[in-house]
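In structure tokens, the next block holds one chain alone, the form predicted alone.
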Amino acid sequence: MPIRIGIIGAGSAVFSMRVVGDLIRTKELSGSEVVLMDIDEERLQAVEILANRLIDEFGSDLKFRKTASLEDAVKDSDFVINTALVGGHEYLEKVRVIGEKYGYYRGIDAQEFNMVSDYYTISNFNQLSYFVEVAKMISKLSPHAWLIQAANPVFEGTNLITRIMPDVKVVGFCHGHRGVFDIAKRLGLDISKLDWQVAGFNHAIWLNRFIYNGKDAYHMIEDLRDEHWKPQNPFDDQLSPMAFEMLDFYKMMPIGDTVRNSSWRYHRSFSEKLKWYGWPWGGADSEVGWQWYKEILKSIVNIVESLASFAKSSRDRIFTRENLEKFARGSDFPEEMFDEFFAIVEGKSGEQHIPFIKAITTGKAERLIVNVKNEGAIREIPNDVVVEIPAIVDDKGIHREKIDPPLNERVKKLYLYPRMMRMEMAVRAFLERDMSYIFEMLHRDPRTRSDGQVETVINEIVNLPENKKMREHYDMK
């Protein structure tokens, strides 16, 4: 069934190419138009060239075109995927440097239960504002469309959108739940025989059900505890000492990015991060681990642009695994990213965006992990708060699964409640144009030693040239 899809922030090479690869292999969406939107013309052009080359090589009936206009990407679309990061990683690093100058290790946005390094909720007004701009444009130009929120912070973003624009159909996606598959693989379990659930908030999900061949298999996870554990890369933390430390305290296994979002005790310094997340990186969110990630991103951008240039001049087939690996090995493409990037060849990216679109469009039901309003799914969490839970998706919408067994009291009251409070403060600051919420978040931060420290760091960040709209929104002269 032909539809129109707008992808905002399509210059994000890895994400866009994975989604494009999934689309090309989804025959049910043949004849559809995909509008790739980004303000970075060079990156956008590279993605468009490779997308069209994929069409040529795999014989897909899709139409790709690029635009720098948000309105063009949204108008008349059936689905809008927002993956844009306003200001890019350059802005995030600028703010982090200012925070560290005033005593906030890893920046002011590194907060308890929210340590992920591009999940800014305090200083990232422009990102939240853009979320709202996209939602308002959808309401005006494509009121029937689904907004698929992929850009961080998904938790704050989806809650903000649902409160400002309740008429917009919004769903958030992340791939952190795949940590369950990592556990199953390490245990040698057949995924098709596994009955599992996760529940919580984005980057705050917990394994509440783990049944194999009809029998409770939760106890098997203990067999993976390893005092000599060593990560393969900074993001390899699902079976880290940190994960088992959280299991011991909360009595449930944290899944995916939840492992990164532990409490202050484990993030006081690089040495603490090394202890809990492993040598030599100390996890993805240390100064060493995040530098590794930035270098990987830079390498990927370079390889995508080089591959696009090669595609323009070569008539040979490019998108076979053999040819892609041969091309990559002749460049600086990081070997550890082969499997993730080249998933486009097999069309198995693991992303949920296209399966969601397929289910909504065709009615062929898919079980997905979605970020939607709670509406009773997790007990003791307000109905209007967005939660991350399993659901069956079809042409009639999103059907939440019953969370069974329920999350335990430790997870809900000692982890989800504090994380929800931080979300509320960030969202209410935006909605009420009240900067005191932001100040209060920092006053509660154990790194804060004085009122002056808070005022100085906030003022320097707010007065950055790119934060002009933030100053106006909060009426800060």
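Each residue number is its position in the shown sequence, starting from 1. Since the model is a prediction, treat every value here as computed from it, not as a measurement.
Only in words, not in the display: the form predicted in complex with another copy of the chain, which the text now covers.
Exactly one of the stretches 282-290, 176-184, 380-388, 146-154 approaches another copy of the chain in the model of the complex with heavy atoms within 4.5 Å, and it is 380-388. With the partner omitted here, the residue from 30, 436, 67, 45 that has a non-hydrogen atom within 4.5 angstroms of another copy of the chain in the model of the complex is 436.
With the partner removed from view, the residue among 268, 294, 136, 193 that has a non-hydrogen atom within 4.5 Å of another copy of the chain in the model of the complex turns out to be 268. The closest heavy atom approach of residue 55 to another copy of the chain in the model of the complex falls outside 4.5 Å. Contact check for residue 409: a non-hydrogen atom falls within 4.5 Å of another copy of the chain in the model of the complex. In the model of the complex, none of the heavy atoms of residue 305 sits within 4.5 Å of a heavy atom of another copy of the chain. Contact check for residue 94: every heavy atom lies farther than 4.5 Å from another copy of the chain in the model of the complex. Proximity to another copy of the chain in the model of the complex holds for none of 120, 128 and 427, with the criterion being a heavy atom within 4.5 Å. Contacts of stretch 411-426 with another copy of the chain in the model of the complex, defined by any heavy atom lying within 4.5 Å, are made by 413, 414, 417, 418, 420, 421, 424, 425, listed in sequence order.
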